[in-house]
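First comes one chain, alone, set out as structure tokens in the form predicted on its own.
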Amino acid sequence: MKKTTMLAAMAATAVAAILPSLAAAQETTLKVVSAFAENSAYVKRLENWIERLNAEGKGVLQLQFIGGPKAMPSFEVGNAVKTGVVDIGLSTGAFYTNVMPEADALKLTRIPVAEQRKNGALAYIQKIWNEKGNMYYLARVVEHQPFHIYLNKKIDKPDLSGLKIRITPVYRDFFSALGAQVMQTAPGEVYTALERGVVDGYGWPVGGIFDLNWHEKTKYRVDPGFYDAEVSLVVNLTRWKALSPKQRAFLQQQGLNFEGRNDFWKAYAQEEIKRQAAAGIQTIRFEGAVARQYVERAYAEGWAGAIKASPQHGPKLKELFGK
């Protein structure tokens, strides 16, 4: 009896010792990196989301935020997710066209992401991202953010001839069609380029220029805006498949919750316009038929570039992303 009792006690002790490790094994931590600076509105909202997720995901899933461009250059984030260097990236498709050219087409959506989930657009995106990028497209967490041209020199018509404009792939086709001399740089290099006169302006969404202090070197914003800024969470597909069904379901729901808060960006856009005016940034506004032609040309050039880059998927994306 004594021997039996002793063996039982030893077994109980052993089980107690391994229980914490078993619990830990059930909880997985994923590394997250951002293509945007830590002080940007995009990253502040990301960090709030991670905090909520970690609070609710104890014992299931945790996220560890590694940082922004100081930890990894903006244009390397997409490939880092593809290859599994990091598990999750917050980026815009324009920053990882080196992984797949289709990524840049996300700017051309003319329907909200909720509708994209209903009409099959998100399912088609998922297919491309899985096959070409080894990525799981988790959620689009920024929308309702039109792009604008910001300038240091005044123009009176949609013509950028003689101007040097900083771009990402988002604007290359459109700005080139307007006659600009385009040059691509990472966001962290734009302030110096403006300060030294290397560029006369840049393309950027309605919000965010204050995060980078670009307002100090900006005189004009051109209206109306065009396209819709896209920032999304993408997960390494191999890592996604390695998660348990419970972990995938949890992360998916958390991503949808984040995406469901996108109405924030509507009010944010209006506040940023007021803030720009208060900072002395003047508006160059195209009106009537000129404005309509300007916007439609933006989309025409954007889709021409997207279809040229991806004849296989471009036409279908155009069909799904239209009004």
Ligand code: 173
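All residue numbers are counted from 1 along the displayed sequence. None of these values were measured; they are calculated from a predicted model.
Form predicted in complex with this ligand: not shown, discussed below.
Engineer: Using a 4.5 Å heavy atom cut-off, are 144, 211 and 268 all in contact with this ligand in the predicted bound form?
Structural biologist: Looking in the predicted bound form, the three residues 144, 211 and 268 all stay beyond 4.5 Å of this ligand (heavy atoms).
Engineer: May I ask you to check whether residue 36 falls inside a 4.5 Å heavy atom distance of this ligand in the predicted bound form?
Structural biologist: Yes, residue 36 sits close enough to this ligand in the predicted bound form that at least one of its heavy atoms falls within 4.5 Å.
Engineer: Taking 4.5 angstroms as the cut-off for heavy atoms, does residue 240 touch this ligand in the predicted bound form?
Structural biologist: Heavy-atom contact with this ligand at 4.5 Å: absent for residue 240.
Engineer: Determine whether any heavy atom of residue 174 comes within 4.5 Å of a heavy atom of this ligand in the predicted bound form, and answer yes or no.
Structural biologist: No, residue 174 sits far enough from this ligand in the predicted bound form that none of its heavy atoms falls within 4.5 Å.
Engineer: Using 4.5 Å between non-hydrogen atoms, is residue 218 touching this ligand in the predicted bound form?
Structural biologist: Taking the distances in the predicted bound form, the answer for residue 218 is no, it never comes within 4.5 Å of this ligand.
Engineer: Please pick, from 125, 149, 135, 170, the one residue with any non-hydrogen atom lying within 4.5 angstroms of this ligand in the predicted bound form.
Structural biologist: The option sitting close enough to the partner is 170.
Engineer: What is the one choice in 101, 158, 225, 203 with a heavy atom within 4.5 Å of this ligand in the predicted bound form?
Structural biologist: Checking each option against this ligand in the predicted bound form, the one that comes within 4.5 Å is 203.
Engineer: Select, from the options 229-237, 245-253, 150-158, 79-87, the stretch whose residues sit within 4.5 angstroms of this ligand in the predicted bound form by heavy atom distance.
Structural biologist: Stretch 229-237 is the one.
Engineer: Pick out the residues of 240-254 whose heavy atoms come within 4.5 Å of this ligand in the predicted bound form.
Structural biologist: Residues within 4.5 Å: none in this stretch.
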